[in-house]
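Okay, so here's just one chain, in structure tokens, the form predicted on its own.
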Amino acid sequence: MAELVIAAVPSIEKIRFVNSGTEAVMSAIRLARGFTGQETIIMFEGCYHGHCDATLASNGHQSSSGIPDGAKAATVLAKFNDLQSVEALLNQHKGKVAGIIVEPVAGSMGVITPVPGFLEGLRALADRFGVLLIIDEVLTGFRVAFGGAQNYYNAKADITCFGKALGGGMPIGAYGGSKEIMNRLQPDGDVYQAGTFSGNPVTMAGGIATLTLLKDPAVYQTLEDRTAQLFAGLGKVIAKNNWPIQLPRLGSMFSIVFAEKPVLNFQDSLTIDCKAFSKFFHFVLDNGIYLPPSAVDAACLSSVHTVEEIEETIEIMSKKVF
């Protein structure tokens, strides 16, 4: 299983398996701190990286109670798709930053793709300031392309996190990077991480089967064709009726965003009409279509969805429900 992932993702030389995306991110952040000797993590407003302390709270923002003040102080927020905000934080906390963590395609404020140069710019800033770039591919990994968004955008992480799609439905997470970085993990190094069920044989079997199937480019072509079909049909109806709906997507990862203008960052996402989406969600659910119940969470099509099912979906979604 490790050999399959390493062969698919050029930035990974060694990989460690865990049980979820949250575990992968939590461990990657600890590894970045251990490797650099620094504590501060730069995260982006509106990006979601699981429920560990380091990613649920920051200066000026908290998503849960029960998080110690030290964790809040050690995470600072930049603006997605805004390199200047990242550079400003790197200068403000110079010599204290362990890493930058980013979703290459944001999936929790509507689907937001990186503007041209954003991921490349993060790589350049990380190199210039001597910090690690952690790319969280829990949503995008092996979903938007074989090998993930890094392969699609030709981006390079120091540490990559995976989950969900990597295991074909089995409980899985993983994080990997160069040998130099990964060798800081115990027993070779001094950064601790372990788990009783990490890398268990059943999950690894599921992962091997999944990645073997995904090697076939026809799978991704099918995903692209079905999603393009859905968006072409919905796009015509939205344009005809002048509905305030945006249809962002990358590959099979998409969202139906009830907003007047395209959403490019967290502040833009605050304009999403959650009440309108809620009515839409319950209407399509009553008609046999199950979307994520949140107005801001990404949805994904499957390669087993048929042309006929997509046409039926377009027909149901096209009925005015506002």
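Position 1 is the first residue in the sequence shown; the rest follow in order. Please read all numbers here as calculations on a predicted model, not as lab measurements.
Just so it is clear, the following notes concern the form predicted together with a small molecule, a form of the same protein that is not shown.
Note on the partner interface in the predicted bound form: the residue among Tyr48, Phe266, Phe258, Phe35 having a heavy atom within 4.5 angstroms of the small molecule is Tyr48.
Listed residues Leu211, Leu250, Leu230, Val138 were compared with the small molecule in the predicted bound form; Val138 is the one with a heavy atom within 4.5 Å.
Using a 4.5 angstroms threshold between heavy atoms, Arg226 stays clear of the small molecule in the predicted bound form. Residue contact check for Thr22: one or more of its heavy atoms lie within 4.5 Å of the small molecule in the predicted bound form.
The small molecule is not shown here, and in the predicted bound form it never comes within 4.5 Å of any heavy atom of Asp158. The chain is drawn here without the small molecule; in the predicted bound form, the stretch among 49-57, 36-44, 284-292, 65-73 whose residues come within 4.5 Å of it by any heavy atom is 49-57.
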